[in-house]
Structure formats: structure tokens, C-alpha cells
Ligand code: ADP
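Have a look below at one chain only, the form predicted alone, in C-alpha cells format.
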């Protein structure tokens, strides 16, 4: 499919709408928009995820499990067989009988070197008849191990009707790219559109925004050469190098993409430093009264970070500080000191947390610390309704409420502040930059037409490796609380198979008999167990998944109550009302329960010093950061503590690596480094759904050696070529670039 002719001379591809391509009407354009494709340039920068080699045909006799190959075969036999579906979990099963049997089309094929099976679960009568005995078929798919022989499940195929010379079969001219897709947009469509865009690139204008000085230093291909290569690699291209993202063409594009992200955050930082903020010059009487009342003394790291925060609060532009600290390092009390400094200066402070349970824990802490000082702490969450909601909003608007703790409800429409001076955002990576900036906008006060912005303190217990922080949080100053309070002992972590459940139950019995308390955490049900499940970052999980999780915890609590009749067993999960959860946690903290069975709602914010044993069931289902957070619920007292990671065999390679990391280290920064290497920045930061750091081709682990040159290039562009910066940012970030304009 060739492209339409360009509508005008020297038209730039960034201004040419995608509808200029053949077979792109309004409906297809609407679907492409979901992928961020609006212009022909966007098509070019919608880059392949990986490649398939269809440039040669492989004999069946040479195939190995895991190969993705093209084969040309002859049908020997086709038949329909019945197979039973995997039963749904008990809570979701529509009947006691589960699902009925499903039909499968099995096609046995051969090519002279061997035979294999093609398996289809979805097929039509026409497809079935096409696989007649003797028919020749060209297939492409992944080779799997089947019962008795190798097989391909739902391969791409076409029936060969024309005479094809066996010694010279038809093959593809290039390696086949596999693109990010969406429902309604197939790979063949994306490949055809890309070919049209490449044709137009040779005719039209695609500006290379990198100056000659930078290109000379990089010694990498030009922009058009790089794009042509990554979209259509030749048959002799080094496939492994391409799959690893190490080819010079990919590195050229990765450099530009990381540069665009870095520039966008630099602009955001520059804009912030030009804004006004209240200068909070006070002697710190309230803060000192709190410190005198505490039963502990701040660590040296806490004092250092608090000093950095107070210094920022006294300046005339908004503080934008990220405070990182491992589990239990004491970030919350540092934030409380910053809140008191703000209140003493006559301004309001808002503390936002991503979940009800964590927000409630902050409410308890801030209430306990601030109430003796004569400061009432307000509460605002989505569960408040009617007069209760309206009452809190009115007190915030009038300035009567000086400190408020809440969830994302704090930045909902209708919530206004009289004089917001400080925003504290906990677990920032669960919100995404849009929500953080939305709350910041609520605190803007206008004086003579100029805005005055609140200070912002962002906290996270998920340590971020330096390379990632330099790229993802380049708009923030960073502080690290790298010291744990005295008396805290490292948690011993062991990994055991669930076949040793009886031993683990006995370990719980012994710990509780010794006067200690224990957690037993039930993790999420696997995604494959719930049809249609989707992930929601920072929000409520889908109803069916939440029900399954709670059902699992309920069943586990019943079994443990039967196995440990002498122990007092409690249960907490996400479907309980807030008041019920608070009551259960208060009962456990008071020592009236020995064992608390819980879902992952206890991941953050729960502090019970007497709890010294943590059991995490099906630990292989969780990421390293979440396991580290859960483990942090024990070891908060002076006695030795343990965490048992119980897994269900077989473990995947990634699952084995995650559990090994937890067993080998208690250092949150080392765990974060390994987590980044395994899962990538989008997962570690929780930004896959937030519109930030959606990298197309760059990889922050693989490409970290580029960072110093990227910083140098950013300085050169901003000083000597500022007119090129907006186009470069828009090319790679698209609509996501707008977060810097909030």
C-alpha cells in the first residue's frame, strides 16, 4: 500500500494528520488516537516492541521450544476434539459444574523433516474446511511443547494456492516489527501505515532537532536513517542486538527520547523556580514542642533532611522536595515537623495518601502529635458524604481547619483552601504527576494578578535508584533518610514452598506462645483466575478481584483458627468499613489478637512493635517493592523478627529472582535497583497508567550511560537552540508533555 501524495510542498510530517494516509478514516483515526497517533510523524515514532524473523523458512526437524518461526507444511489430518475449560474459583463459578467443554481444532502437519500440531481454540467452519488433507500452509508462530509432539497455538497462517517452488519459498524482505497495539488496530494495519509514513518521510520534511555538535559527538545514524532501520531491519540485521535495544539506530532514538524527557522536566523546574511562594520565617516553637514531647530523638539523617526542608520553606519560591526513606526510617514525623512550621507561619497544610488505610494511619499519627498542641486535624476522603463532607470543605475554605489529612478527595472539584502553604504527598508514585499538580493548583493564591503557590513535600518508602530519579524526578530536589532509628533489628527472611505449610503454622504457634504477634498475608489472586481483570493504578481494584482476595483471606482465617485453636485470630481486608478496619487494627495493636490474617491492605502505614513474624502466602505473585513494604510491618520493635515468603511451585525465573533479592538484603535501595532491572521504570514508579515516563524505545537501566551526555545536550539546546526544544518534547511526549503546563 503506497502513501497518498503530499498535499503541499515542504510540508512537515508533524503537521500532516494521520488521515492523510490511505485507509485511515475517522473511525480508524479515533482508534489510532488511543495509541497517541495523531499525525504522520506520530506513526514514525510509534516504534516496534520487538521483531519476528519471517525472512527464512525453518524445517520442523530443527525447531526448538520457544522459537518464533515460519514453516511451510502439508496438512496430514485435521479434527475437532473437546477439551474442558479451566474451572473458575469457587466464589465466581456460575454452577457447581463449572464451564462446559470447549471445542478445539487440531491440525497435524508435516514438511518431510518432521511433523507437528497446529491448535486452534477459536475457528469457523470455513477455516476448518480449508485445512483439508494435502493442503499446503505457510504458518508463523511460537513453538510450544505439546502432548507427544511440538505444536503452535493459533499461528498466523495462509493457505498456499499457487504453485510454490519448495527450494525457493516466498519470504519477507525485512524482519517483521511487532508494534504496541490496541483493540481494533491489528499489526498488519500498523505495518501498512508505517510503510506509508516511511514513503512520505523520504518526500516530506522530518526535522532533525539535534544540533550538528551533538550528532558529531554521538557518531550515530541520522534521524531518518535510524527510523528507516528500526521499522524495516534488513534480513541480515543482528536480531539479538535489536531485541536488546543495543543497535546504533535504536541508541540514536533512545538518546533523543531521554533528552526530550529531561528537557521537559528542566522546563518544569525552571517554571517552578520563577513562581512565588509564601516565605515561612518562624522560630519553630510548635515544632520544638513536638520534638520535646516525643519518646525518641530524631536520627542524624532525620535532622539533616528536616533542616533541608526548613531551608526550602523559608525561600520565596515553592519547595519541590522528594524525601526518600526506607520502611521505618521516620519520614512521617519529619513531615509533621514541616506541617507545624507551616501552621506556625499562619498557613494551612494538607497531607495526601493514596489509600484509605494509609491516610487513616496518618490521621491517627498527626492527631496524636498535633492535638496536644491545640491543633485540630481534619479528615477528608471519598467516603465522607452530605453534611460531613460539606462541613470539612467549609472549614478548609474559611481557614478554620489548618491541617487536613485525606486521600485523592483533597483535589476533587469543590474543595478549596483559604491559604494553603504546604502539601505533603505520601507514596507519590501511586498518584502520578497530574494528580500531584492538581492539588498544587488548589493552593494558588492570587495577589495583584500574580499566583503564589504552596510548597510541596513528596515522600516515598519505595527508594528510587539515582539514575531513575535523575530522569523521572529531575524537577525535584531530593533528600534521603538513610538511617534507621536505633534499636531496629534487620528482619530475617526465609523462602519456603507451600508444601511446608504445616511447618509454617507451627512456627506461628511458637511465636505467639512466646508472647509475640504475627501477620498472615493473603496476596492477590492471579490475573488468569479472573476473566477480564484490569489493573487500576492507585485506585480500587475490580470488584471480582477484590471479592476473591477477601474470600481467600476469609478461608485462610477459618483454616488457621481450626489449626490454632489456642490463638486469638483476627481478619482484616479491603471490603470492611473504615471504622471496622480501625477497630481491628487497634485491637491487634493492643495485644488482644495473636494472629492477624490480612490482605495487602496492611502494606503501608501499620505499626505494631510487638509483631515479630510475617507470613506472606503466594509471595511469588508480588513485586519486590510490595514484598519489602509488607516485610516492613515487622521488625519495628527491639526483638528479632522474621518474614516467611511462602511460594507455590514452579517458580518463574523472575519469581525466583524477586524472592532471592528479599532473602539476600534488607536494603530498600538495593531492592529498588534490582526491581528496576527486572520490571522497568514504568512499573517501579507506578507510571504505566499515569501518562508520565512512557518510554517508547529508551530503557533507563540499559541506557544509563547516556545520562551524562543527555545533561550536556540539554544545556546546549536550552542555551543555543531554545526554539528546537518544544518540538523535540512534543515529538516524544505528545499530550503527556502538558503536565509541565499545569
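As the structure is a prediction and not an experimental result, all values here were calculated from the model. Positions refer to the first chain, counted from 1.
Absent from the display: the form predicted together with the ligand. The rest refers to it.
Trainee: Can you work out which of 584, 333, 110, 241 has a heavy atom no more than 4.5 Å from the ligand in the predicted bound form?
Mentor: None of the other options qualify; the answer is 333.
Trainee: Of 356, 620, 326, 257, which one comes within 4.5 Å of the ligand in the predicted bound form, counting heavy atoms only?
Mentor: Selected option: 326.
Trainee: So in the predicted bound form, is the ligand close enough to residue 485 to count as touching (4.5 Å, heavy atoms)?
Mentor: It does: once the ligand is placed as it appears in the predicted bound form, residue 485 has a heavy atom within 4.5 Å of it.
Trainee: Do residue 299 and the ligand share at least one heavy atom pair within 4.5 Å in the predicted bound form?
Mentor: Result yes; residue 299 sits at the interface with the ligand in the predicted bound form.
Trainee: Within 4.5 Å, heavy atoms only: does residue 636 come near the ligand in the predicted bound form?
Mentor: Contact check for residue 636: yes, within 4.5 Å of the ligand in the predicted bound form.
Trainee: Consider residue 607 of the chain shown here, and say whether it contacts the ligand in the predicted bound form, taking contact as heavy atoms within 4.5 Å.
Mentor: Yes - in the predicted bound form, heavy atoms of residue 607 and the ligand come within 4.5 Å of each other.
Trainee: The ligand isn't shown here, but in the predicted bound form, which of 291 to 299, 568 to 576, 642 to 650, 344 to 352 has heavy atoms within 4.5 Å of it?
Mentor: Of the options, only 291 to 299 has residues within 4.5 Å of the partner.
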